[in-house]
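Below, in structure tokens: the form predicted on its own, a single chain.
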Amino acid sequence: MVTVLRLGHRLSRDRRVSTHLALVARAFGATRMLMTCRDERLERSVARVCESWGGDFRIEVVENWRTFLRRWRGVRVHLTMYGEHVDDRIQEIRSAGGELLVIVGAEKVPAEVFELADYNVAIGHQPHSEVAALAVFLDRYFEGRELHRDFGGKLRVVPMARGKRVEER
């Protein structure tokens, strides 16, 4: 089971990026995303996606992220451009087994997170989107298998070389 922890979420600034982060988390194999504050609009938006496109992804709120991180019994991976390259650690992370927590920041991440994480992992050592970092990390972690998953939703894309088609089941 993979959980994504979104540290920080400024309602006025981060709603769109947090929504994209949740959609990527869902599509690339995570089972839930934890937020440090409640955003009912975001929760409803993601619930509508799951209702139409399938899956059981959910968003939950963590009241105290520090306590949550300290008590987490699985592997804690912090995605940061300052960490070790993903290719140098992904096999070790995959082999660790158990539940995986992927920590993604919205604003400046407190230094404490770097210490609480089991791994500080970088997708690249350049500024880039946390959405992109999560997508690349989960793709590497699951070795691309999640891209072939059938979510069992009411709607399904029919792959085509040209055009687009969505069918209802």
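Here the structure is a predicted model, which means the values were calculated and not measured. Numbering starts at 1 and follows the sequence shown.
Just so it is clear, the following notes concern the form predicted together with ligand SAM, a form of the same protein that is not shown.
Comparing 119 to 127, 31 to 39, 66 to 74, 138 to 146 against ligand SAM in the model of the complex, the single stretch with non-hydrogen atoms within 4.5 angstroms of it is 119 to 127. When contacts are defined as a non-hydrogen atom within 4.5 Å, none of 22, 27 and 53 contacts ligand SAM in the model of the complex.
Using a 4.5 angstroms limit between non-hydrogen atoms, residue 112 is distant from ligand SAM in the model of the complex.
Contact annotation: residue 62 falls outside 4.5 Å of ligand SAM in the model of the complex, judged by heavy atom distances. For the chain shown alone, residue 48 is not a contact residue for ligand SAM in the model of the complex, no non-hydrogen atom being within 4.5 angstroms. For residue 101, no non-hydrogen atom is located within 4.5 Å of ligand SAM in the model of the complex, even though that partner is not displayed. Residues of 76 to 91 that come within 4.5 Å of ligand SAM in the model of the complex, judged by any heavy atom, are 79, 80, 81, 82 in sequence order.
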